[in-house]
Ligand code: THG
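Take a look at this one chain, the form predicted on its own, written out in structure tokens.
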Amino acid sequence: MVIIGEKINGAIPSVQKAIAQRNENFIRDLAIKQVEAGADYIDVCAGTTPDVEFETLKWLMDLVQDAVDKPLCIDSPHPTIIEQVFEYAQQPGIINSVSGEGNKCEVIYPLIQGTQWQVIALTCDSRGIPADVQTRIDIAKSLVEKAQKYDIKPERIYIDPLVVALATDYQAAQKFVETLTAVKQLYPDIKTTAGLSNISFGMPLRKTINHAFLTVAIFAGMDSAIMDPCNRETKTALLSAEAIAGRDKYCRNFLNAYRKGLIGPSRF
């Protein structure tokens, strides 16, 4: 399972405060802790207004790259901002994201053409997140076909089937799994990812629901998660599910994490 650490995001109040105060130590510490907990990529999202997003995102990128030697997941809803900060990345990572909305593909795909960069592709368009599975599949196909015009192969794409809140759609997880399964059948080499916490929005016991969804998604074949790797319970749920699903040979990852004290009940 590829883990994309989600904690450096300006939408999180503590990070927003650190950005406003230009608290470099806070950001560096978040990056280091996520890597120590097993993150493969560090997501960096300014979460600011467009007029200061470039400056803020570059500041975050510079701090993270100074603190850790892991690739970035550059995260912005504005493709032109990604285009502006792209040159400041020190190694290939992941772009977060493209979709069927606007000209995102036309900006991002040429940017990563001929490189080792990967990209997250969201199954939505200018109409929003489709309520049905087939439209999500059709959008995924369109995104892959556009990518192929720029010699970007499916193995460089992370399709995100976009789980919505269970509180508003009781079939949300089922639709996610059906989309994921269909896309993987169409493109066996493609990767899949998801943000976990949307599923539980508006529900009690959110963490329990998130962990149950994570287990279901892993059994469906999800390759990656945008998550908090520092959360012991979530990391425990992930490694447990991978072991049970037969994706952890001899349970080595689970046992190593247990011996290092990285998983198990919360210590607090």
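Residue indices: 1-based, along the sequence shown. None of these values were measured; they are calculated from a predicted model.
This protein has a second form, the form predicted in complex with this ligand, left out of what is shown; the following refers to that one.
Review point. Which one, 220 to 228, 63 to 71, 48 to 56, 236 to 244, holds residues whose non-hydrogen atoms are within 4.5 Å of this ligand in the model of the complex?
Key: Going through the listed ranges, the match is 220 to 228.
Exercise for review: Taking 4.5 Å between heavy atoms as the contact cutoff, choose which of Leu122, Ile112, Val133, Ile81 touches this ligand in the model of the complex.
Suggested key: Of Leu122, Ile112, Val133, Ile81, the residue with a heavy atom within 4.5 Å of this ligand in the model of the complex is Leu122.
**Study point:** Candidate from Gly102, Pro92, Pro77, Gly195 lying within 4.5 Å of this ligand in the model of the complex - any heavy atom
**Key:** Partner contact (heavy atom, 4.5 Å) among the options: Gly195.
Exercise for review: Give a yes/no on whether Asn96 approaches this ligand to within 4.5 Å in the model of the complex, heavy atoms considered.
Suggested key: Looking in the model of the complex, residue contacts with this ligand include Asn96, since a heavy atom lies within 4.5 Å.
**Study point:** Contact of Leu255 with this ligand in the model of the complex (heavy atom, 4.5 Å)
**Key:** The answer is no: Leu255 has no heavy atom within 4.5 Å of this ligand.
Review point. Should Cys251 be classed as touching this ligand in the model of the complex when contacts are defined as heavy atoms within 4.5 Å?
Key: Because no heavy atom of Cys251 falls inside 4.5 Å of this ligand in the model of the complex, the answer is no.
Review point. For Lys33, is any heavy atom within 4.5 Å of this ligand in the model of the complex, or not?
Key: No, Lys33 is distant from the partner.
Check your understanding: Who in 7 to 28 is close to this ligand in the model of the complex, meaning a heavy atom within 4.5 Å?
Key -> Counting only heavy atoms within 4.5 Å of this ligand in the model of the complex, the contacting residues of 7 to 28 are Lys7, Asn9, Ile12.
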